[in-house]
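Below you will find one chain, with nothing else, as C-alpha cells; this is the form predicted on its own, and questions on how it binds or moves follow later.
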C-alpha cells in the first residue's frame, strides 16, 4: 500500500469517527453543551465559506461578516413580516439568496472593475462599516441597536401538518451537523473539479491564467457568489441558537472569521472547522476564568500560530504526515 493510499484510508477512518462522535454527542452531553457545539459548527461553515475565497481563490475579504449578518437578518425579517405556512423555508431561501445576490452585484462591480488584492480587502472593510450603519439606521425593520426579535418561531417539518420548533436543542444541533457535512462535501467537490483547478490557477498567477484563456473576473465572481451564499446559510443556522444583532455584521465578526481560518489552516477546508472550534472553545473557557484578559490571550495564541505554524493546525499535521511519508519511502528504497 502506497503512502497516498494509507493517507486516504486514515482520512476516511478519521472522518467516520468524527461523524459518529457528532451524531452521538447529544446522548452524553447537556443541552448547553450541544448548543455550544452547534454554534461552533455554524461558525465552521462560516469559516469554510471564507476559506473558499481566501484559501483557494486568493481573494482577500475583510468584510465577510456582511454576508453572515445579511443571512441572519434576512431570515429574521422574513419570519417577522411574512405570516404564511412554511415561512421558515421561505426565510431559509431568502437567507441564502439575498447574500448571494449581494455578492453577485458587489463582485461584478469589483472583479470587472479590476479591483483585486489588498484594494478588494479595503473596499469590503469599508462596506462592513456601511452595512453596520444601515442596520442601525433602519431600526423599524432591523431593530437597530436593540437587535431583531419578536419574529415567529422558525419550524421544520411539514407546514400545517407536522412541525417541530427549530429552537429545540436537538433540532438546531442536528441541522448544524447536517449542514456542515453538506457544505464540506460541496466545498470539497468544488475545489477538486475543473472549476476548482481553474480557481487555483488564478490564485497562483492571475495574469498567466488570463493568458491561458480563463475568464478570470467571471470565475472569481462565481466562487465569490457561492461562498457568500454559504456564509448566508451559516447566518440562517445561527438564528435559532443566537441573537440577531448588529454585531453579526460588524468588523469584529469579520476579523474573527479571518482568525478562525488562519488558526485552522488556510486552504485546507477542514481547517476552517478546526479553527472555529479551537478559537471559540478557548474563548468560552478563558472568558469564564479571565474576564478581562481572555481577548489578549486569544490574540497571543493567534500570533504564535501565525509565527510558528503559518499553515495552521491542519497544515502542521499535514506537514508532519508528509515528512513521515518521505521517511518511510526512503527506508523502503534502502
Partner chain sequence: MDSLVIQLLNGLSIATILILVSLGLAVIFGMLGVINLAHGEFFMLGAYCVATASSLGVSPWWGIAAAPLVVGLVGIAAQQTIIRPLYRRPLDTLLATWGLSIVIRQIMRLIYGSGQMMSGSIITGSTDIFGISYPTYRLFIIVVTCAVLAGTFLLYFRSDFGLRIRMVIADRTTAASLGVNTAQTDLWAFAIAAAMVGFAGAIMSPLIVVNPEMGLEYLSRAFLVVIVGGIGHLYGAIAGGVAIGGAEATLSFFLRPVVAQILVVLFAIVLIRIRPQGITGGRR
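Everything numeric in this text was worked out from a predicted model, so none of it was measured. Numbering follows the first chain given and starts at 1.
The same protein also exists as the form predicted in complex with its partner chain; that form is not shown, yet it is the one meant from here on.
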Review point. Quick one: of 175, 106, 198, 87, which gets a non-hydrogen atom within 4.5 angstroms of its partner chain in the model of the complex?
Key: 106
Exercise for review: Quick one: from 161, 207, 83, 118, grab the residue that has a heavy atom within 4.5 Å of its partner chain in the model of the complex.
Suggested key: 118
**Study point:** Complete contact of 141, 221 and 224 with its partner chain in the model of the complex (any heavy atom, 4.5 Å)
**Key:** no
Point to revise | in the model of the complex, residue 170 touching its partner chain (heavy atom, 4.5 Å) | key: no
Point to revise | Non-hydrogen atom contact residue 58 with its partner chain in the model of the complex at 4.5 angstroms | key: yes
Check your understanding: Does any heavy atom of residue 296 come within 4.5 Å of a heavy atom of its partner chain in the model of the complex?
Key -> yes
Exercise for review: Flag residue 130 as yes or no: does it have a non-hydrogen atom within 4.5 angstroms of any non-hydrogen atom of its partner chain in the model of the complex?
Suggested key: yes
Review point. When its partner chain is placed as it is in the model of the complex, which of 64-72, 34-42, 305-313, 272-280 ends up with heavy atoms within 4.5 Å of it?
Key: 305-313
Point to revise | Heavy atom contacts to its partner chain in the model of the complex at 4.5 Å, residues of 230-264 in sequence order | key: 251, 252, 255, 258
